[in-house]
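Read the single chain below, which is given as structure tokens and is the form predicted on its own.
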């Protein structure tokens, strides 16, 4: 008796999040796709020179995935559509930001769970890396990323009933903002709120200099560690720590 095997397959656009060696010449490639969420597949010849440029982390690719069953790893055929990383090869700091965002998505997102908003948000972040306010945008992207994972920060008003126009801290327990006056007795236990994340119209609202951005990175790093990755065995991806460390060094120069 002849049995016909029906292949599962789809076509989509995806952002390369990670490439892991598999066998002598292949690799398992993790993508953040527009319609199919974080999705992995085997790429033949992934370790060869012909595929190296296509598989740079952060690249936008046209992807065709196929498998004998929906639960199988399956195989991917990829064609390069756009290479954001090519713009930052001479800028180690921006390249580290791109790699950090991709590593966060790869480590935190459940596989095959749709996140179309995040897919477009990552692309917007990569475009913003070419602007003067790229670092501030990166911090705001991480706040949006936390929200996508179900961990929302409320930086719009004072959790203690204080002046909403004088926010200065964030509660590490609730992720809610606290005014300077209301937080004064507990300031040693609170996280600093950078000026550029304060509500429009509030006191000392600014564009955010590099030191302010570093405060923002320290803020989101706390919630990534204690909220989003609290139960992950490997913790926050190393690429995220590398980016913050490099940014901190650039501030101290």
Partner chain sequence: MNEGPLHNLIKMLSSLPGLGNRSARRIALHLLAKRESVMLPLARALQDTAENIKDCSICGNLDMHDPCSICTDDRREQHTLCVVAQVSDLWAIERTNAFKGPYHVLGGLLSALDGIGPSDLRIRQLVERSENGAFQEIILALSATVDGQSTAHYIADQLDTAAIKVTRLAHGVPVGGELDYLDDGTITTALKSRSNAV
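As the structure is a prediction and not an experimental result, all values here were calculated from the model. Positions refer to the first chain, counted from 1.
Below, we turn to the form predicted together with its partner chain, even though it does not appear here.
Contact check for residue 182: every heavy atom lies farther than 4.5 Å from its partner chain in the model of the complex. Contact check for residue 91: a non-hydrogen atom falls within 4.5 Å of its partner chain in the model of the complex. None of the heavy atoms of residue 236 is located within 4.5 Å of its partner chain in the model of the complex. Proximity of residue 57 to its partner chain in the model of the complex: non-hydrogen atoms within 4.5 Å are present. Judged by heavy atoms within 4.5 Å of its partner chain in the model of the complex, the contact stretch among the candidates 161-169, 69-77, 82-90, 113-121 is 82-90. Shown without its partner, this chain lists 125, 109, 95, 146 as candidates; in the model of the complex, only 95 has a non-hydrogen atom within 4.5 angstroms of its partner chain.
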